[in-house]
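As structure tokens, one chain now follows by itself in the form predicted alone.
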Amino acid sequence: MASSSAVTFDASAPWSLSPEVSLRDEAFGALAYHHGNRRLVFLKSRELVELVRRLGEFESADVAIGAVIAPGEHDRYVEALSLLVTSEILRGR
């Protein structure tokens, strides 16, 4: 059952890593653990980890992707960030 208060990801909006999330670097990328909902999420690339860590520095997710990720990968990373919002790893600012 979907929650009626579910957050919809908008790449033109500002986002950041939730303060309830800890990242642990791993060879494949990182583990993201949400201390509130106890979810464990695998970030499967170093590029995604850098993007997630730096997301709060930029005025929007689109701008962050453009600054951190190689050209041509935008849509792939929008999809990844959208899933991280669903898991409450990221939150709107």
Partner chain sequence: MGADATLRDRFERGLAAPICLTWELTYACNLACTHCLSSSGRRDPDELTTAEAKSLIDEIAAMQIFYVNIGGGEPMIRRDFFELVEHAVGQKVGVKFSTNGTRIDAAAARRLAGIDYLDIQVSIDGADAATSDRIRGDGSYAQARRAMDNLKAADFGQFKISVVMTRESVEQLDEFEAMAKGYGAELRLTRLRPSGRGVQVWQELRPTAEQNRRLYQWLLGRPNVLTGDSFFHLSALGSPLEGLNLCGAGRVVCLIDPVGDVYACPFVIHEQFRAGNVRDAGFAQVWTNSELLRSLREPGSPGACGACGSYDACRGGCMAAKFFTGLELTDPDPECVFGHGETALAKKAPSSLPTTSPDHSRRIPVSISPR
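Note that the coordinates shown come from a computational prediction; the quantities given were computed from them, not determined experimentally. Numbering follows the first chain given and starts at 1.
We do not show the form predicted in complex with its partner chain, though everything after this point is about it.
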- Message: I need to confirm a contact call. Of Val85, Val78, Leu23, Leu17, which residue comes within 4.5 Å of its partner chain in the predicted bound form, counting heavy atoms only?
- Response: Leu23
- Lys44 within 4.5 Å of its partner chain in the predicted bound form, heavy atoms: yes
- Message: My question is simply whether Ala67 lines the interface with its partner chain in the predicted bound form - judged by any non-hydrogen atom within 4.5 Å.
- Response: no
- Consider His35 of the chain shown here, and say whether it contacts its partner chain in the predicted bound form, taking contact as heavy atoms within 4.5 Å. yes
- Item | 4.5 Å heavy atom contact, Val63 and its partner chain in the predicted bound form | no
